[in-house]
Ligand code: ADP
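The chain below stands alone and is given as structure tokens, in the form predicted on its own.
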């Protein structure tokens, strides 16, 4: 369901279209870091589906795709439960093409397997089984590069990390971005260029410290910023309101006060909840009630936005031509405190303009409420998306070849 094409932004880096890959061994850094259940079945295959356009293009060009990814946090050691085999199995089902998942990621056996199976997509073993991956060791990066002739980075979710498979490898091979990486940069970049107005930003999550840079960035382009989640209590505290036992980052009160002042000068509205669902303890079965934001009881804590706030926020979202959302409005994993996140997600899904969700918990909420098909773009990289939207450079993108 596409409501409008994102505005184009200037990309100075080469993409897959800018290079001849026909007949070549092409190493593709994908982001197959997906959740597995206790039986090691893939629970969410969104990231796998995101890689399909790039891999299919390579197959159409008669190239030989060699995929590589990390999975979980094995900390440089082999962890049997984090092997790539179940991920490879699921990707093979999705792409409907023969696939071979290897039990190593470098070395002679890997090279031989690649040479002996030119008619299969190759997925090498979990990169993070080697300490050289996270440490970006040149020797490890070079051994990865020796597996192919061209390097394609299609792992936007890891693009803020300077690892061997995202940065180090580019020193040894022609290096370009894949279609998913390109789409992420174009869509998210369009939000900072010329978004259609009104442009409404919805921010939640626990910490305002995680969002301060993004708020500062959006003040330059947004019309309204709607806040919820744990982060809103630091804003309320900075306004002189009593927040009870709610989560507050004391060291962020002064910085957020300066940001609010800057927003006022720019004519950008940063809105905080006018009512909240508060609880007498942090527990899914806690006693809870709705109170005005200025009436939070001393020993209670806010765990969701209230009904008046929901209606107010939804009325603003309904008029938006562009909406960006990152971070839940409350503890949506617990039914008693999920209504704010659910209703805001539904309102964004119904918005008439371009809707973009910034990955992470917001992505999880969208899927929980089965609204994926009603959102124009869901980013595959929470941390990378937020860094990009702060206006910071992404090491893995910077490392790619210039056009």
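Given the structure is predicted, the values throughout are model-derived calculations rather than measurements. Residue numbers count along the first chain shown, from 1.
The same protein has a further form, the form predicted together with the ligand, not shown here; the description that follows concerns it.
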Any non-hydrogen atom of residue 332 within 4.5 angstroms of the ligand in the predicted bound form: yes
Any non-hydrogen atom of residue 69 within 4.5 angstroms of the ligand in the predicted bound form: no
4.5 angstroms heavy atom contact with the ligand in the predicted bound form for residue 172: no
4.5 Å heavy atom contact, residue 353 to the ligand in the predicted bound form: no
Heavy atom within 4.5 Å of the ligand in the predicted bound form - the one residue of 247, 186, 150, 114 that qualifies: 247
One residue of 166, 126, 326, 322 in contact with the ligand, assessed in the predicted bound form (non-hydrogen atom, 4.5 angstroms): 326
One stretch from 228-236, 85-93, 118-126, 176-184 that, in the predicted bound form, holds residues within 4.5 Å of the ligand by heavy atom: 228-236
Interface residues of 347-377 toward the ligand, as seen in the predicted bound form [heavy atoms, 4.5 Å]: 358, 359, 360, 361, 362
